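What follows is a single chain, given as structure tokens, in the form predicted alone.
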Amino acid sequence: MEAIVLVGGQGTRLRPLTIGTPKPMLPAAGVPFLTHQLARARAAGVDHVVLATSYRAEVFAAHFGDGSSLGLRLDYVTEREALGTGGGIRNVADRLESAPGDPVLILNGDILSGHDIVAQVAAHRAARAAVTLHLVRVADARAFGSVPTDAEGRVTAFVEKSPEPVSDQVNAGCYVFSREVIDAIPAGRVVSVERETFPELLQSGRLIVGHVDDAYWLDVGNPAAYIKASADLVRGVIASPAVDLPGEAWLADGTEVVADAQVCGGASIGPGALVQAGARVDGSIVMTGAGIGADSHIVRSVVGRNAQIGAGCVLVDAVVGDGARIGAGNELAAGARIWPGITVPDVAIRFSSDI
């Protein structure tokens, strides 16, 4: 089976982390986030994946190469201008090898999901559907478009965000398309599958099936969600074929954690990082080469590559960009984002939003 993974977005909600790194390549539980999706696809029977890239496209090929280390064949297609979800899918169609009626798995590159892909593909085949969508139920659907289904699981509509949603079911970002549906998407222009492709299929009488699966699901689109995803992978809240890590923390080879420092809550510490005496890193991501000063507390935060946190600092729900320097005694709280290369003097700030 073949798959397309959409990884072209710029990840603006995750800045400054994505200034130099595409969102799917940010580390989660010790490997690029995309690795977890590729490993899950492989476990579901996928052997050929086309990565639909755009922003910093070269980073993907440099890391994954031909895909053989994951048991896959990887192809790369770079989108030169934004084409939307449907346009991005259509843009890679000539790299597919499937027959017209074959299923093609399509994944959004910023979703962490534990749902049963094999069952979704089986439901697609059994129904002979044009498209089968993974749907999840949410407590409050007002922030999402709703996808109502009938008693047989057939999608009946795609409803825009509303203060009074018609359903608690929302699109979870994993699709199975029959190959001929991909080929029928208009080429060379912006196309939204949610606003154009799917409604047109319904209007023409084609069958779209909703596969409801309430397993773990997370849209990894902002810093809080990204941090949670990594911690949940480390602690085994969601399993990934890419890693076997359940525990309180993941420490890379070459990491130094001084004996009385504490690393817990699903925290991950990258290669060459140093956590000094008395420090506590809880549910956070400390990237390659970063330093955490003595007696500092880092909680649900990200410390970027080669960034340095001085002694006695407190970071809670904060993001520190690559190469930044935070002097001793500073406190950063919810929403604080320090941009790459910034230097903050000792005891200069207490609860900042953006520097």
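What you see is a predicted model; the values in this text were computed from it and never measured. A residue's number is simply how far along the shown sequence it sits, counting from 1.
This next part talks about the form predicted in complex with a small molecule, which is not shown.
S.K.: To verify the annotation, which of these, 183, 256, 194, 97, has a non-hydrogen atom within 4.5 Å of the small molecule in the predicted bound form?
M.R.: Checking each option against the small molecule in the predicted bound form, the one that comes within 4.5 Å is 194.
S.K.: Looking at 118, 82, 127, 215, which has any heavy atom no more than 4.5 Å from the small molecule in the predicted bound form?
M.R.: If I apply the 4.5 Å criterion carefully, the residue I get is 82.
S.K.: Would you check, heavy atoms only and a 4.5 Å threshold, whether residue 109 touches the small molecule in the predicted bound form?
M.R.: Residue 109: yes, in contact with the small molecule in the predicted bound form.
S.K.: If you check in the predicted bound form, is residue 168 within 4.5 Å of the small molecule, heavy atoms only?
M.R.: Judged by the heavy-atom cut-off of 4.5 Å, residue 168 is well away from the small molecule in the predicted bound form.
S.K.: In the predicted bound form, does residue 152 have a heavy atom within 4.5 Å of the small molecule?
M.R.: No, residue 152 sits far enough from the small molecule in the predicted bound form that none of its heavy atoms falls within 4.5 Å.
S.K.: I'd like to check something about residue 52: if you look in the predicted bound form, is any of its heavy atoms closer than or equal to 4.5 Å to a heavy atom of the small molecule?
M.R.: Looking in the predicted bound form, residue contacts with the small molecule include residue 52, since a heavy atom lies within 4.5 Å.
S.K.: Please pick out the stretch from 204 to 212, 169 to 177, 244 to 252, 277 to 285 that is in contact with the small molecule in the predicted bound form, where contact means heavy atoms within 4.5 Å.
M.R.: The contacting stretch here is 169 to 177.
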